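Listed next as structure tokens is one chain, alone, in the form predicted alone.
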């Protein structure tokens, strides 16, 4: 099973312990209690075999536990969770190890070739280059699609500021491609409630940021007839079906489980503890009756950065227990900060970030001043020994935004050989980003309040069974 990671086994064991306690409290028949206890003992044996540790409630396995400062240890130096990403390696997070720790599956050449064959389209460069590198149950999605059974897409954005940065575009660029080639509906969750719970922001500001971010998302070119964008603060209060699914998830996930998965402590507000159920609910088609007419059998595919995976490990665990299909996932790598791949780009520090509102001059200055270089200290040494594209931020950014594979490979070779200098590489990135961001800004100008309202109004979407 692809989900048999240590943290998954820990979550399953915790849930089984709750089952045993519940049966005893209800004074269930002895045969039922004995069967549940025997299963619990067997699971403890499996847990020790996989982790080399004894199971202890409230203490997740140390090599993949999320500690109380909300950091999931991926490797000795890599920290990844939904709020923090850091590593001491200049190359960035070790994604091969991350796949093993999270228990997901690598997106290999066979899967990429299958997507190309099924869609009849050139595979997106995010797939070809391993920017989307990991998955859960993507083959199952493709099996269903080949049998003329549709699915839907779900992705999201946590609106913490008015302006998004270029890293925020990655899941939306890829999700638009998926929507176009598979011709499927899409729901986009704006987690303004999450930002209110985690940040020092008012509800009014969080909702305003959600609407402003929606304009940037719409500017990516999504089809209004196939896309529903919603604010949690707005939608959950008006959708009984959505809220009922939230409550179903809440009932079947224990406090011990969310502590183990997310690192919550007794001092965290109860809103944080209950929030994962809200992020889980869009994974179920019955949360959107206006789109799917109450159907529960439409599977969901979630493109997201891999730091969001803990939410969906929890979702996939609980889904069959509440009568729903497990969502499938496609995981992306992190978009590095200008200062280097040791952390992801952050909207809270403008010097680590290129915003979608930046002018051509600001883009040029930020790249020239802050983009970490893989070049040598002197021109002479660089010409002689070459640069290191694997740690150079300008080259990393080009792997995201330069679509021509042959041109990108030539840049890699020229930089590694010393024929291309760091300043020249930065110039290539500037010339790539300036027109891209200017084009986005022009499209955003045409996103009116009425257009935003269309996207954010619950309604029937074009959906083929």
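Numbering follows the first chain given and starts at 1. Keep in mind that this is a model prediction, so the values were computed, not measured. Rigid core (definition): largest C-alpha set, two forms, superposition within 1.5 Å.
Here the subject shifts to the form predicted together with a further copy of the same chain, a form of this protein not shown in this document.
Participant: Quick one: which of 294-302, 99-107, 228-236, 118-126 gets within 4.5 Å of a further copy of the same chain in the predicted complex, going by heavy atoms?
Facilitator: This holds for exactly one stretch, 228-236.
Participant: Please tell me which of 140, 308, 250, 286 lies within 4.5 Å of a further copy of the same chain in the predicted complex, judged by heavy atoms.
Facilitator: It is 250.
Participant: Can you pick the one in 355, 177, 334, 243 that has a heavy atom within 4.5 Å of a further copy of the same chain in the predicted complex?
Facilitator: Flagged contact: 243.
Participant: At 4.5 Å between heavy atoms, is residue 162 in contact with a further copy of the same chain in the predicted complex?
Facilitator: Because no heavy atom of residue 162 falls inside 4.5 Å of a further copy of the same chain in the predicted complex, the answer is no.
Participant: Would you classify residue 181 as touching a further copy of the same chain in the predicted complex, given a 4.5 Å non-hydrogen atom cut-off?
Facilitator: The answer is no: residue 181 has no heavy atom within 4.5 Å of a further copy of the same chain.
Participant: Could you tell me if residue 385 has a non-hydrogen atom within 4.5 Å of a further copy of the same chain in the predicted complex?
Facilitator: Residue 385: no contact with a further copy of the same chain in the predicted complex.
Participant: I'd like to know whether residue 278 contacts a further copy of the same chain in the predicted complex, with contact meaning heavy atoms within 4.5 angstroms.
Facilitator: Yes, residue 278 is a contact residue.
Participant: Superposed on the rigid core, does the Cα of residue 410 end up 2 angstroms or more away between the shown form and the other one?
Facilitator: Residue 410: C-alpha displaced by less than 2 Å between the shown form and the other one.
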